[in-house]
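Two separate entries follow, structure 1 and structure 2, each one form of the same protein chain as structure tokens.
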Structure 1
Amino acid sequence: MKPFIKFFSSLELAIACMVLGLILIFIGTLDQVNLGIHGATERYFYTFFVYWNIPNTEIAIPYFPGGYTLGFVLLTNLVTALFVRFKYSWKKVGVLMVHFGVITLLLGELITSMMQTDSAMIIDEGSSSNFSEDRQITELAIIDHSHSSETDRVYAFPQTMLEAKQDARHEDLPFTVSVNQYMPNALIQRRDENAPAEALIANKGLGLQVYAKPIPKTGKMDDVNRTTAMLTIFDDSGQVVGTWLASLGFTAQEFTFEGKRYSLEIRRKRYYYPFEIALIDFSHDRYLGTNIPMNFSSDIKLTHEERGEEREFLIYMNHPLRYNGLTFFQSGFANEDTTTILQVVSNPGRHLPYISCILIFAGLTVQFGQGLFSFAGRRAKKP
């Protein structure tokens, strides 16, 4: 046990982690040119190992520790060192603070990477919204229009079910949706004589006019991954109702089953809230005589009926709305400045970096301040 603890608390291990981290961050940054920021983050930082895919095979060989591995080892190293190696005295208080700060920082990033959700709420001037859409994750929505005259009933199935080609089934639905084919990203093309054989199985809806060609997933900021799936619906007796092609960006495709109207679509995963946000006005100022944006702002009204809350708020750059554990940021705009795009972030770990910033700043100042004083003292003693 002893050599084990010694190894895990050693300074050598800390330095090794830092050197490996340095290399990992460097190659990860370089690969952002190919994968985009999100793609590279998933491949290098939010992973235990960085894999190399042998070309033309499905075999992936881990060749470098990923961000999680290095983070965990460094965290273990720090914590064991705090118990085993660190000397607790007033002289060391600066060093201790810094290392507690680093631990907080690592934990904060861990929580963020696992629990942060990031979605967009899009509101037109004069209308309101009570949901936001995820930027990355999609879902399969089956909508029952016959439920009542005013509202539809929506059955949403997560993207992971599509990925695993799991059948989508719900006790209130009289049919089962099975996934024939799943594409994380696709190029939509007109269905003509060049269309491959597997595209021809679509016999309902938009799949009659177009087909999807699988392309690699992109992690670039401005590119969209068009999640696409070939879906076959079976009735309860196992009879085929039809096969649809669904893709992110398609309008909902309607069909009738046993006299009831339904539609299906792949859409961005939605988060619904118990409150509503209405956009009163969006403004976008530019510097005189230029196209450089000077300010964007959304004048909004938040209504929470259950709590009987209603208030107006101006969201603008560096001035988000914080409500119910969520933060609403001004992120973009559309439709000639009449639609606002608010970024909705929920991150339970968001306060940790503030704590670590204070700890590290104070710790480093104390530590180096001590060094500076003793240096000045030595110089003063010299003749």
Structure 2
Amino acid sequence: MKPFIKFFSSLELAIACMVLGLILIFIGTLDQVNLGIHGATERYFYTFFVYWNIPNTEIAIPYFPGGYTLGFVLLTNLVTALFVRFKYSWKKVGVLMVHFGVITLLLGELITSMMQTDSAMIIDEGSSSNFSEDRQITELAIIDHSHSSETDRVYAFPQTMLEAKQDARHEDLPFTVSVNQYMPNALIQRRDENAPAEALIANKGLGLQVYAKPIPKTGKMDDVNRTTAMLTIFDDSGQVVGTWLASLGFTAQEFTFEGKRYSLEIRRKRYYYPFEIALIDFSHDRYLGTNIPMNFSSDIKLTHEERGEEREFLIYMNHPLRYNGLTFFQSGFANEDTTTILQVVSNPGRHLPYISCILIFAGLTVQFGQGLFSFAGRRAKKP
């Protein structure tokens, strides 16, 4: 084990990881022009290897270590060095604090990449909401409108089931939804005599008017991946009820089965909360004589019935609301300044970068302070 431990605790390995990390950041930053922030993050940083796809094939060849690989190797190097190479003494307290700071930073980024959720809560003036919608992940929703006169019952199936073409079934549903085709992103076109043969499969709903053409997935901030699927519903005996084309952005498509009203849609994944936020007033200030936004803010009322809480709060730029482990940022607006868009971020590791910066700053201060006092002491002893 000695060669193995020596390799992972070596200073050369740490320097190599840092150099490769700089190259990775440089390449990933340049490729943001083509892939967007989310696309570049997924391809270069939230992966073990960066792959090159051979043109006109589905073969991908790894050619560079990704962010997970470099982070894991550097983390292993730092931890191993603390047990093997590091000589503990009061003179090394600053260096030790810097090491722990970097380790905390790496762990914080790992937790963020794996557990952070980023969603949006859209609220109209005078209305309220208790859920937010994911910006990247979708779900298939089957809605039972006949459940009761006041509420609908919603059955939500995750995007991973659509990607794996796994049948969507539930013990309370009298039918099964089968995924014939799944498209992470698609171009919706009007159905006519020039439509391809696979577009003619849909015989219910909006699929009779339009069809979907697969296109590459995008990661740009201003672009939307229109998740699309061709869905066939079977009854318990295996008979085909119909085939629908469902896509993100389509309205819910209603159908009747055994005398009950249902609808299906592909929508953004929803996160429900035990509290409710109502929009009292939305303000949008512009620079005088222009349409350039200067400031916009949301006056909201938060109600948590289980805790008996009810309070008002003003959310504006650089002044978010932090509540129940969530952070609500003022993100945007819509519908001529009557609808607010709040960005909702859940990140269990949000405090670790601050702790890391404090440790690194304190460690460097202690280390340079010790060097300064040592230098001043030696100089004072000279005749």
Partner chain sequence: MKKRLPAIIAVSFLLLYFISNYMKQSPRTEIDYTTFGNTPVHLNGRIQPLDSVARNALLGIRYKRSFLNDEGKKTSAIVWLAEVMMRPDLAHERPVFRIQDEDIRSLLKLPKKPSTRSKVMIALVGPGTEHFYFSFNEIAPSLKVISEQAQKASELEDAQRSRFQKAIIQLARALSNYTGLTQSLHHGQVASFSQEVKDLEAFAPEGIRAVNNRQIGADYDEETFNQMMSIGFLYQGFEQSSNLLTLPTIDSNGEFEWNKTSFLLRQVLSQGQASEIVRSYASVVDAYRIEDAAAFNENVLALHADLKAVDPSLVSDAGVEQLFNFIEPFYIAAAGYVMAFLAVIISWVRWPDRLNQAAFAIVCACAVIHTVGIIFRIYIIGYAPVINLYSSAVFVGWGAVLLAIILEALYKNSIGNATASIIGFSTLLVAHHLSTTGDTLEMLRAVLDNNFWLATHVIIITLGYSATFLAGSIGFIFILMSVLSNRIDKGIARTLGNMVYGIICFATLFSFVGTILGGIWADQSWGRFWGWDPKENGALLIVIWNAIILHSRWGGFAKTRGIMMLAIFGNVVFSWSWFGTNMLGIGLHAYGFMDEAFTYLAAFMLLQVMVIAIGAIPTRFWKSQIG
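Please note that residue numbering is based on structure 1, beginning with 1 at the start of its sequence. Whichever C-alpha set is largest while still superposing within 1.5 Å between the two forms counts as the rigid core. Predicted model, so just to flag it, every value in this text is computed and none were measured.
Colleague: Identify which of the two structures, 1 or 2, is the form predicted alone.
Modeller: If we ask which form is the one predicted alone, the answer is structure 2.
Colleague: With both forms fitted on the core, check whether the Cα of A14 differs by 2 Å or more between structures 1 and 2.
Modeller: A14: C-alpha displaced by less than 2 Å between structures 1 and 2.
Colleague: With both forms fitted on the core, give yes or no for whether the Cα of Y287 moves by 2 angstroms or more between structures 1 and 2.
Modeller: Passes the 2 Å threshold, so yes.
Colleague: Quick check: I23 between structures 1 and 2 - does its CA shift reach 2 Å or more after fitting the rigid core?
Modeller: No, the C-alpha position differs by under 2 Å between structures 1 and 2.
Colleague: After superposition on the rigid core, what is the displacement of the C-alpha atom of F368 between structures 1 and 2, in Å?
Modeller: Its alpha carbon moves by 2.9 Å.
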